[in-house]
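One chain comes next, on its own, written out as structure tokens in the form predicted alone.
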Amino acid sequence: MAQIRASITGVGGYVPPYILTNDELAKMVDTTDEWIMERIGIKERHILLEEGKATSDMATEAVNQLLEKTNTSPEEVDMLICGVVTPDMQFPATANIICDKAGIKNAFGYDLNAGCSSFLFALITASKFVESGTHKKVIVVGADKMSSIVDYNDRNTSPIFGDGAGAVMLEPDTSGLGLIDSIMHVDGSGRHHLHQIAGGSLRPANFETILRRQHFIYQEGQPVFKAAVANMADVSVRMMERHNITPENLKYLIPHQANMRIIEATARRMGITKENVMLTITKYGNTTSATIPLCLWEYEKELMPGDNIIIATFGAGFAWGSTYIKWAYDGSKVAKQ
């Protein structure tokens, strides 16, 4: 019997219409377009400004687009996993809210939080349900409203993050295409360098935590940068070696879009050129859980069956990993225009 693999059969994406440029951000915090571009590589980011809208609203837009593109009715979906750092609320799960808003009634779902690696960890988790033969149509979402936890008085973190959502459909494949292999890691000691101090059970919200601005992103840039450069490159090179992938037969690296210098360092270690790297960081910034699916959404038209793709991520935790995928369909026939 042929091995069942989980193949991506469609991609949906959404970014809110409002664009926060570097020049506008410079009016809010002590920074400049030149400083941001030199150190991070971000020109603009999309921000969800509409009152009463949350992560689930962006995710639902991506999921509805995905259902339409794959000719899938909501009733056919077996499962939905949402990789997310900024859930609508502590409970219920944002995945449940997305299912309700998208009319998905016959599925179960839950959230997964692995920082900026949330989507990749969710993708690997979901693939196991498909590979087991128990689930035929599984949606994996990566979505975050990072503006809800960004301190726009902090020049070190405010330029980095944007809002957005992406979603993919996973279905069984026996032709040799799909998710081939993955390498995943966590190192909990890294939590001290990148986290949200208050709002959880350790430091519940109170007047003091709000006054101290502890409900925003806290990041120590240098330790995070060094760990990201080393670990994203290591797992990507290991994946190439494990499967005899060369720079010549790798179609694309899909790196987490956190910092252009991290992306360039990873590509150099892999021996690939910029043309083989998916890049959305300049116009979307770091959308955390959404960066990988938004890359797929942007580059879908370039992808053909059998293309070799490596995803590499690094996020809070620390949590990082890579996945090797053989692409399953002609993206040019269904990609966004």
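What you are looking at is a predicted structure, and each value in this text was computed from that prediction instead of being measured. Numbering starts at 1 and runs along the sequence shown.
Although not depicted, the form predicted together with a small molecule is the subject of the following passage.
- By the criterion of a heavy atom within 4.5 Å, F314 is counted among the residues contacting the small molecule in the predicted bound form.
- Contact check for R39: a heavy atom falls within 4.5 Å of the small molecule in the predicted bound form.
- Using a 4.5 Å cutoff between non-hydrogen atoms, H256 counts as a contact of the small molecule in the predicted bound form.
- Although the partner is absent here, R212 sits far enough away that none of its heavy atoms falls within 4.5 Å of the small molecule in the predicted bound form.
- Although the small molecule is omitted here, in the predicted bound form none of E76, M169 and A335 has a heavy atom within 4.5 Å of it.
- With the partner omitted here, the residue from N156, Q196, N106, T134 that has a non-hydrogen atom within 4.5 angstroms of the small molecule in the predicted bound form is N156.
- When the small molecule is considered in the predicted bound form, only one residue from S148, N113, Q219, N96 comes within 4.5 Å through any heavy atom, namely Q219.
- Look at 302-310, 27-35, 265-273, 65-73: in the predicted bound form, residues with non-hydrogen atoms within 4.5 angstroms of the small molecule sit in 27-35.
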